[in-house]
Every structure is written in C-alpha cells, then in structure tokens.
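There is one chain below, alone, in structure tokens, taken in the form predicted alone.
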Amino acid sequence: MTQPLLEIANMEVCYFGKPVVRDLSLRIEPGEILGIVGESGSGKSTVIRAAMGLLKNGGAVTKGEIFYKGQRITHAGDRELGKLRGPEMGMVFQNPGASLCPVRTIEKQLYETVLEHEKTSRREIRERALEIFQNMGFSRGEEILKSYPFQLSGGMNQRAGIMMAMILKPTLLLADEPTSALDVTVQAQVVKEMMKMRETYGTAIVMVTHNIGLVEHMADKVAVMRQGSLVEYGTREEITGSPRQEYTKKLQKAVLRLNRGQR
C-alpha cells in the first residue's frame, strides 16, 4: 500500500474542552478527490481546519494524529506549517474574508502570496491568475485583481479565493464549501476547473460541502459526517449508489445535483 498524502488517525477536536469531532480517521491518497459531506455543525469544516493548523478560538486537536506525506503535523507550529501552506497545501475558505486582507487589492495580495514561495515576475503571476479565471468561465479577472475585497460581491471574492488557492498548484487542495456563494452554472465551471487541476497536476482535493450532489459529481471517495462523527465512508459508488444510513439518504434527497442523472 502506498503512503497516503494526508492521513488523519483517530482524531478528536475540542473547543474549550468540548468535543466537536470524535475518533475520526481518513486517508487521502495522491491525486484522490475526497468529498466530506454533512449538515451545518457536523464538524466537516473543523476536519480540514485541523489539517491546516487553523483551529482558532479555543479549538485544539486533543487526541489522534495528522500526517502529511508521512510527516507528523498534528501540533506543528506556524513556521513549519508555513512552508506547507501554499505550494503543498492550499485552502479555499467558505468565507473569503477569512483569507483576504480588506486594505490591499487582490492583485497585491496575490503577488505577496506567490513571491513568498517562488521567484517569478509579476507579469507571469498576473497571466497565471487571469488564465485560472478564464478557465472558470469568468472574463472579469482584471476587475477582480484591481479591486479591494470590500468592493467585490461575495461571489467575486469567492472566485478570488479559489484563484489564489490554485495559483501555486498545491499537491493538496482543501476546499471548504468553495461554491456556496456561486450560482449553479458557475458552480459547475469551478468544479470543472478543480478537476482539471487534478488531471493536469495530480492535485488531490478534499471538498467539504453540505451538497452531496457536488461530491456525487466529482469525488472518488465520500465521507459522511453527523454531529462530529463519521457515519459512512467509502467509494463514491458505495456511498451515493447504495447508502446504508438513513441520514445519507436524506442528504441525497435534500439537494440539487450538478448534471442530474450523470456520473
């Protein structure tokens, strides 16, 4: 068996001593797409925040381990994780305001992000950014780059966040409800671009969403969470084709799917 890209083993996460994720174990293989689904409050976003070392306000991993490429990162510091964030592990936040500075343009933040990890020209960075926007079916990339976050809509900030997470071509992309602020047509374009990253660069993706239709469309494996616990975990065909839990069946009935009827 090959070494997993990311492994979470028997992890518990607590906020102020209260468990919000319990005894959770997941493996993400190189190039694999894992969908983590569940209702709000199920703990799914906490899982990827723990992996990125971004638990705040009283949150902590209190049991278990997290490994990236075999390296234990459970309680790694900001300096160690800083080397991984960006070129190794990228993240798309549900709330773009969590990752964007309100007093600098998107373009300036983009340059700072890329130049921290690689030597290249601003022209090259700009061209790469515009190409990502174009691949997402969005022709107003120039407008986004020149704007401050407060001048943009939620959907446009979301596009900026997705572009910035993708531009360093990370080995692992962690996406927290990345299409929640976008309409259905744009959702499909964004999902297509994320899958293109996997095809082109071998990027593995962990997609956190309440919409099981998204993971039904793109995931290799699916993890279903409820109230902090993993209730189903397996291949897409197993989970979406023959779910064992009534909870999973309810999630399937509750959402709009992309390309309904297609797999």
Ligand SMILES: Nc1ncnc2c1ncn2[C@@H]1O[C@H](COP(=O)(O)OP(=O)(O)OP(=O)(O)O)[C@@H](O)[C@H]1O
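On a predicted model such as this, the values are computed, not experimentally measured, just so you know. Residue numbers here begin at 1 and follow the sequence given.
What comes next is about the form predicted together with this ligand, which is not displayed.
S.K.: Check residue 43 for me: does it contact this ligand in the predicted bound form (non-hydrogen atoms, 4.5 angstroms)?
M.R.: Close contact exists here: in the predicted bound form, residue 43 approaches this ligand to within 4.5 Å, heavy atoms only.
S.K.: Does the 4.5 Å heavy atom contact test between residue 196 and this ligand in the predicted bound form come out positive?
M.R.: Residue 196: no contact with this ligand in the predicted bound form.
S.K.: For residue 39, is any heavy atom within 4.5 Å of this ligand in the predicted bound form, or not?
M.R.: Contact with this ligand, yes.
S.K.: Considering non-hydrogen atoms and a 4.5 Å limit, does this ligand approach residue 94 in the predicted bound form?
M.R.: So residue 94 counts as contacting this ligand.
S.K.: Which one, 213 to 221, 44 to 52, 198 to 206, 24 to 32, holds residues whose non-hydrogen atoms are within 4.5 Å of this ligand in the predicted bound form?
M.R.: Among the listed stretches, the partner-contacting one is 44 to 52.
S.K.: Select from 16 to 33 the residues with a non-hydrogen atom within 4.5 Å of this ligand in the predicted bound form and write them out in sequence order.
M.R.: Counting only heavy atoms within 4.5 Å of this ligand in the predicted bound form, the contacting residues of 16 to 33 are 16, 20.
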